[in-house]
Structures are given as structure tokens and as C-alpha cells.
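Starting off, we have a lone chain in the form predicted alone, written out as C-alpha cells.
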Amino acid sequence: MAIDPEKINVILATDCGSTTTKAILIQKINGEYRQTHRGEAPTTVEAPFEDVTMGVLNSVTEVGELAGRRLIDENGKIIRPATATEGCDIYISTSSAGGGLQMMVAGVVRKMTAESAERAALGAGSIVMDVICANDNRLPHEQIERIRQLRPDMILLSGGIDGGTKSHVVELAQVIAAANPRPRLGSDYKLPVIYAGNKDAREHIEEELAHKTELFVVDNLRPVLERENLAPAREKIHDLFMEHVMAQAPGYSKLMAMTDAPIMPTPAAVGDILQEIARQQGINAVAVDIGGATTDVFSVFDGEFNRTVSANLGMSYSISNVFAEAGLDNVMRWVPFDMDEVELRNSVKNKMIRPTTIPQDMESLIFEQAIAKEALRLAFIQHKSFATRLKGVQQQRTIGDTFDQSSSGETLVNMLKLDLLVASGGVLSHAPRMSQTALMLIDAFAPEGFTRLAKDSIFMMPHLGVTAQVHPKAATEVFEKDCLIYLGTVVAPTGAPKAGKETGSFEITFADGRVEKGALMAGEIKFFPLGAGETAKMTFSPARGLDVGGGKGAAVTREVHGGTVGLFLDGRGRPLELPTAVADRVRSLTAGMTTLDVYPASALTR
């Protein structure tokens, strides 16, 4: 039964992660929604418990104790509706326990329909285990073996525009049928397969797959080359996640009966709240969540949402991959002193086999944050190469487009247009100093122009994403007031400044009337205190050939927002290049870290 949003005063939300189940309580206080209490407990989806609701009830009990509010009755049920002293009005949940939603996608051409299918699956919050396509250079028996080996939760099959050729997508269906795939969870039901391809091939697809799989047909996700239609496929993935995948996981049928709205995959909820905020505020935003094994990047540019999962970039289980992919030199360029290479490699291996360890001294912390910068940088490169305009589209050009460099396949990520960069994940959220989080974001993402930095205080975005489905007002109010901790704003001209020359001049007028003027030299980082909730008016006039968003050499005036760290001016140029000479690089790093008070001075001098 639908609940009148105006009558909702207490919202209980949980996120069932792989290791921890986190609960938050949102209450209406003096007419506005605030997150008031949080609790957590180990997730109980694995043996010996094998019932996810045990961890949920434990985390909810902790929230109830902290809030002084009874939330669970003597029968182990969540009390509803809320009264003055007990219960809640609605209870909702997200989940990534048991490995989350794991999918395979298949499409005819890798860079076209297969990539659209991958975008649909990632946007729905899944982990894409593999992409099968007609031109992936694998023989059919290799593709069949791969499907049998991976045992996904479901498969999304696409291919061909409506009215186009049918043979290739039918061949893909034959490969899936020959694999006769078994689902990862539950042995007594058929694997769900979603067909979102050429509508003229539906009859043939049903002939191939209907008797071996649970086949669902939705609208073509690429009905014409020039347009994607991802919503029907994403909605069907969400439905099947609930009906088939979650229903097979231990205890989830009980959890589904407890919630007042469908359970969402955790990454889908994060994507939803980011899109909601970007839409409401009319901004472009990027959010990153760096975990032990994977790094998720979400972006919304001009209303286009994209998500990528870098499966081999993380800070514990995958830390060796980061080290291998980035290379020792790239990691060490962020460390302002020499370290023994053998010790470094040993510490990386130790972290991999003991993933819960945290740095015990300042040297280890600086090294871990250097690895994090490379993991984030590599994940963002992958994201930019995936978040592109549709590939394979022929554009009609006129004489007026002669000098327009845009083309199909061009990335949507324009850093000069980025308004907000949000960080979450242990190494970012739990950094001892906020300035360390800010510097990791600046060095890894190299924001350009004017960009506001923030971090998710307690990884609350999943809870708020699912809350937005039932109460958007509560979700956005809590997001603004309690979820994000704003770190400040970074202003960085793009282009290659000349050594020893100015990158531009600036004038900052603070709220108290104080004015700061000066020049930002090449390679220099300047810092000005500007507290949370404070703003200032700033004009930056870039040098010839450099740009802060108004065009090369054009001055830009903007209101800049403060935060727990403040206002940064970064004159190192973009793309971000550090000095190649070791002495110059160390001097540059030390100066920047000292200016921002990132580490104690004693840690930088060895």
C-alpha cells in the first residue's frame, strides 16, 4: 500500500554488503529530514548462519539502542508504523552481499551493441563478468566453455538494429543454448536470459533459448544505430534481480517480505542518488568508490549516466594488480623520498594476503596513498574510455562543422565541465586528514577549471539511493546535510604552463570583504582557508594558451565554496605532469604537501 510521503517521519534503511550490514535511521526533525543514527553488524549470508536477515536485525538493533527507540518487536519483526517512541514508517534495503549481481552480456559487435548491453548491465548495478560477441576473436567452443565456467546470475543478449540482419544474434543465442548455462545460485531453476535485440529475430531467439533458459524479451536496446534505449533492459534486470537472484540467496526471501520497496543492488542505488542530485542541481558529477577488490566510477555529464567497475583495481585483494598495471615508477612519483624497492614489494604482498591491515607508520601511509592515486587514476582512464558517445554512428556534417573535432566514440567526460567530485571507500573516507583525501582526488582525477570536492561521510549513498525511490525529498535533504562532507574547491587551469612563468592571476573576495590577489606560478599549489558553508567570489585570468572553462586566455568569475579543507589553486597544468628530475619532483611534492598540511613536516624530511 502506498504511503503518503507527508506522513513519513521515520525511515529505516540497510545496505547488506559482502562483509558488513549497515543500517541508518532518518528522522524528520523540525520539518526537515536528517540522518540521526547508524549501526552495523557482520553480514550473515554465508555459512554458518546463511540468513541475511540475522545481520540486518543485528544492525537495526544497534541503531535502535543508540537512538533509544525500539525498532524490533518480540517476534523479530520491524515495528511499523512509527510512534513517538518506537518503530519506523518505512523500511528499505540495498544489497551487494554474496558477490552482488553478476552478469554476462552478449552483443554482435563489441564496440556497438555489445558495449550498449554492457552499459545497460553496469547501470543496473551489476558486475559484468565477460562480454561475448561475434568479433571477440574466440571460437564458439571457447565462448561456450567460458559461459559454463563463469555461471552468471543472468545473461543480457542484444544485437542488431530493428529490421537489420538476424543471423549473427541468432548465432549468439545458439552459443548460449549450447552452453546450457546453470545459475550461480539455486540449482532447481533455469538461468534468466534477457533478449534486447533486433525485434525481427525474437521468434528465432525463442526457438533457440526458450526451452533451456528462462527467456524474457524486452525492447531493443539499440533500435537504431544513433540511439540507445537502455531503460527497458535495466528495469528487467532489476525485476529479475529481485525475483530470481535474490530469491535464491540465503534469507533473502525473508528480507524481501520485510521491506516496503524492492531491494536494489548497491551500485544501482549509488548511481540513482548521483543522477537525482545532478538533475536537481543541474550539475555534472563524478563519484568514485574504491574498495578492496574493485573500484566503481559513476559519472553524470549533461544528463548522461555511466558507471564502470574496474574489477582488478583495489586496495587489498587487488593491490598487486594496481602495482603491476601502474608500474613502480608511477607509484613512486607520488612519494617525496626514496624507499627500498624490496620492502615496498613485500608490503604490497602483505597487504594482499592480510587485506584488513592498515598502515602502522607515516611512511606506509604515504606509500598506500600513492598506490591509491594510481588505482583511482587507472580506474578513471577506463571510465573515460567507456563513457563515450555512441560508436559506429555516421554523422552528417555541414560546412559549419568543419572545425568541430567531436566524433562518434568521443568521451562524454569533460573535466572542464565537472562541478562535483565525490569520494568514498576506505582509503579515501578514513584518511587521517581531510587534506589527504583532497590531494588524492586532485592528483588522481586532475580536475580542471573550477571543481568542488566532497566525500561520502559514512558511505550513505546506497541508503539514500533506495530512499530516493520512495521519498526523493528525504533522500536529497539528507544527502545535502549529512551525507557529503565538502572538502572545498580546486581551481586548475588546463594546458601546459611554461616553467618559471605565471599560469594566470587571481582575485578572491571573501565574505568579510577581505581581498586576496596574486599570480599562480607554473608547478605551484596555493591554498586559502575557506570554511564549510562559506563562499567567496573568485576571478581567475589564465595566461595565454591556458583555460579555466571560459576559453583559452579568458578570465572566469565564479562563486567558490569552502569546506573542511579550503580553496586550492593548482598551477601544475593539465594533463598533470610532475617534474622528471628526481630533485625537482621531490621539491615540488614536498612544497605542495607542506602548503596543504597533508602530512606532518617530520614525515617529509628524511
Partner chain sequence: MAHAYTPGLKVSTGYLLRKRRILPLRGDVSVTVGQTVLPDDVVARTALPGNAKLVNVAGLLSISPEEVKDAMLKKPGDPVTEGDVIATAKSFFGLFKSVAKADMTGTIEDVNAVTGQVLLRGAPIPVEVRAYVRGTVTEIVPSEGCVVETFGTFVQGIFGIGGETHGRVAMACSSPSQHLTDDLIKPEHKGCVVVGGNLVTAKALKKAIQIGVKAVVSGGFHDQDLKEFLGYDLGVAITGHEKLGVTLVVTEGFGEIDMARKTFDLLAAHVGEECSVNGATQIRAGVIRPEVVIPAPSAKVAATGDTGPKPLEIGSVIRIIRSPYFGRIGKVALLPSEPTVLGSESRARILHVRLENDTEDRVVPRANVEMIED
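Residue numbers count along the first chain shown, from 1. Note that this is a predicted model, so its numbers are computed, not measured.
What follows is about the form predicted in complex with the partner chain, which we do not show.
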**Report entry** Residue stretch of 446-454, 81-89, 428-436, 249-257 approaching the partner chain in the model of the complex, non-hydrogen atom distance within 4.5 Å
**Finding:** 428-436
**Report entry** Contacting member of 227, 473, 498, 349, with respect to the partner chain in the model of the complex [4.5 Å, heavy atom]
**Finding:** 349
Requested in this report: Using heavy atoms only and a 4.5 Å cut-off, determine which of 508, 177, 378, 128 is in contact with the partner chain in the model of the complex.
Outcome: 177
Requested in this report: Indicate whether the partner chain has at least one heavy atom within 4.5 Å of a heavy atom of residue 411 in the model of the complex.
Outcome: no
Query - Close approach of residue 494 to the partner chain in the model of the complex, 4.5 Å, heavy atom - result: no
**Report entry** Proximity of residue 321 to the partner chain in the model of the complex, heavy atoms at 4.5 Å
**Finding:** yes
Query - 4.5 Å heavy atom contact, residue 547 to the partner chain in the model of the complex - result: no
**Report entry** All of 145, 317 and 356 with a heavy atom within 4.5 Å of the partner chain in the model of the complex
**Finding:** yes
Query raised in the report: If we check the partner chain in the model of the complex, which of the residues in 289-303 reach within 4.5 angstroms of it by a non-hydrogen atom?
Result: 293
